[in-house]
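First comes one chain, alone, set out as C-alpha cells in the form predicted on its own.
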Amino acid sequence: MKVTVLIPAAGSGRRMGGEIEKQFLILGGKPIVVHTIQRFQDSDLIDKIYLIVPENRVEYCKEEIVIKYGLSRVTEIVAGGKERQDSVYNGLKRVNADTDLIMIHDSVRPFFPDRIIRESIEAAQRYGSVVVAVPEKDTIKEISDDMIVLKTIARERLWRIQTPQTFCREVIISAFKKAIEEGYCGTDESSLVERAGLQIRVIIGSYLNIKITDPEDILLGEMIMKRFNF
C-alpha cells in the first residue's frame, strides 16, 4: 500500500494580512508549513509528499523548507496554479501511477493527532473516499444580505469538514477531470468526489485541527503547541 500526500501551499493568505503568505509565517520558531509537513514526515505510513507552492516560491521552499529542516519525504516541490483546485491538480499530475491512496492536506493545519493518518488510510482502503470532520457545536443561522436572521438551521447533521482528505488514486483523479471538463470549481477535494456521485465516508477529526487563517489563529496555535506538545 503506497500512500502519497499532497500539501497545497500556494495560497496568498489575504485574510492574514501582511506581505508573507500565511503558510510561511513563523509559529514556534518554524514556518507553519514545516510543522504540517513534519506530521507526515514522522509517519511510517507515508511514502511520498508533494509540496505545492507559488511558482516564485519553489526555490525558496527547496532551500529554506525542505533542505533546512530535513524533510526527506518531500519528493517534489510543484508550482501551484491560480486556484486551490488548479494547484492540487498540478500535484495530482505528478503522482506516480503505482500510488494507491492520495491524501490531501491544508498546509496551515499542523495540529492533527497521529491517529488521523492511520484511520484515514484504513477507511480509504475500505470505502475509497474519506474525510475527517467534527460535529458543529454552535447554533447556526442563515442571514440575509443586510444581516437579518432568516432562520435557525438544525445543527444535528452539520459537521465541520477538515483535512486530510484521503482517496483512492483513480477516484480523485477522475473526479478532478470531470470537474475540469465541466468548468466546476469546488471549495475542497471531497466536493468534487461528491459531485461525481460517489459516497464519502466521514471519520472523527479533532477540534485542535484548526486551519490557521487569521492573526488570532497564530495565538491559538502557540497555545496548542505549548499545551499539547505538538
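The first residue of the shown sequence is 1; numbering continues from there. On a predicted model such as this, the values are computed, not experimentally measured, just so you know.
The form predicted together with a small molecule is left out here; the points below concern that form.
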| item | value |
| --- | --- |
| All of 6, 48 and 75 with a heavy atom within 4.5 Å of the small molecule in the model of the complex | no |
| Candidate stretches 150-158, 67-75, 82-90, 125-133 - the one whose heavy atoms come within 4.5 Å of the small molecule in the model of the complex | 82-90 |
| Touches the small molecule in the model of the complex: residue 120 (any heavy atom, 4.5 Å) | no |
| Close approach of residue 108 to the small molecule in the model of the complex, 4.5 Å, heavy atom | yes |
| Partner proximity in the model of the complex: residue 11 to the small molecule, non-hydrogen atom cutoff 4.5 Å | yes |
